[in-house]
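In the block that follows, a single chain appears as structure tokens, in the form predicted on its own.
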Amino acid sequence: MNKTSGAGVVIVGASLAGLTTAEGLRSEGYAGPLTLVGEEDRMPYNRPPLSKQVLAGTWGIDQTTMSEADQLERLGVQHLRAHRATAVDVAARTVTVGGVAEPFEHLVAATGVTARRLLNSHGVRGIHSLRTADDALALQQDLGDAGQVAVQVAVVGAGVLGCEIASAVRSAGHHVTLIGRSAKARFGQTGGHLSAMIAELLRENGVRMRVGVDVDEIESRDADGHKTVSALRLSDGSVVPADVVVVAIGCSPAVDWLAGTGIDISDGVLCDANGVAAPNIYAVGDVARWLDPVTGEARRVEHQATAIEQAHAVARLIVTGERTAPIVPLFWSELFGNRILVHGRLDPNLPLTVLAGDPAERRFVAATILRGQPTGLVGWNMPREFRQERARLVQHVVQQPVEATEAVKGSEIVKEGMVA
């Protein structure tokens, strides 16, 4: 099935998922033309460190780079930097890139997501999102412009990304207020099980928390003829002073270029359980909504480990036709030096059962268990024990047929809007 002639594979999105797909194709033996299209004028880079090491100041932006130009050249990958796909002709098998219709034999969508922004924030300085390398540099500049002076930072969004940003900025010595619409911090696919512990950790490290409120108004001051944020007025009437605002209120899948193709792009690119969106068209990473063969539902998972596994699965499918076992979601985060790992789906309707350690000491592994089997697993500062229990969970999920969905029907399917 290995193709060595024709239009080849075009991967739109020079993300981790896109780059991994390219590498996976070559490792599987694909020898045909391979094109990687990237909208940013950068080499492919890793996004999760932006809210961790980069924002904390322990890494420079260059350290997030995943592949240099000579490495892509050795792989035989044509990398189109600063190019954007705008349309796809499914029947003709062409994708329009930079105004030119490029033919493809296989097309892989890896365009990821774009950060949502606060209403009425356009033109107001000091308001940031954190999705791209340029976002991280702009935020660093605003925080650094104060020199050694601690500034008032408001982080809007109390999900994984918001909590990570609050941790990194507070660790750098700034004053941080974390604002969330929900009544408690929502930490990814944990179903609220970790909310109280996360809130306690943030508060004891000096992060002020305002939850159960919306941002109603952005207050600004005039600085050199430009509007610059000065405070946020919340839905309860209170005002949070802010020299810098970081918005982490979720993302929207980057799918506009697939409009009119007949592919379901209502919430990312709808795919079957193997990443196939249409004949010879696939999707991987944050933009992809794969059918979950365990629950029978299609869901997006915006986490690095899933993106990597999906990329390898699609590469293998293209080259060999071999299908992959169900992918179990995995993500990790770090807050004030605490390493938190989550695998599977923590059922919000079930209690956490401690398998090792003690939550009171912030060293534990726990699971939600239904009918004697784990549905999800969390590890807090116990990586070795987490890996051991994770092996058991993976084995259980892989063994479950699609028909056996009742065991997990009570689980909350969370469309995680914050990238870990």
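Only a predicted model underlies this, so the values are computations on that prediction, with no experimental measurement involved. Numbers follow the displayed sequence, beginning with 1.
Beyond what is shown, the protein has a form predicted in complex with a small molecule; the following relates to that form.
Proximity to the small molecule in the model of the complex, defined as a heavy atom within 4.5 Å, holds among 273, 215, 240, 113 only for 113. Of the residues given (131, 312, 79, 193), 131 alone sits with a heavy atom within 4.5 Å of the small molecule in the model of the complex. Contact with the small molecule in the model of the complex holds for none of 108, 292 and 376, as no heavy atom of theirs lies within 4.5 Å. Of the stretches 218-226, 201-209, 159-167, 342-350, only 159-167 has residues with a heavy atom within 4.5 Å of the small molecule in the model of the complex. Among residues of the shown chain, residue 22 is not one whose heavy atoms approach the small molecule to within 4.5 Å in the model of the complex. The small molecule in the model of the complex comes within 4.5 Å of no heavy atom belonging to residue 117. A residue is said to contact a partner when one of its heavy atoms sits within 4.5 Å of a partner heavy atom; residue 39 meets this definition for the small molecule in the model of the complex. Contact between residue 331 and the small molecule in the model of the complex is found at the 4.5 Å heavy atom cutoff.
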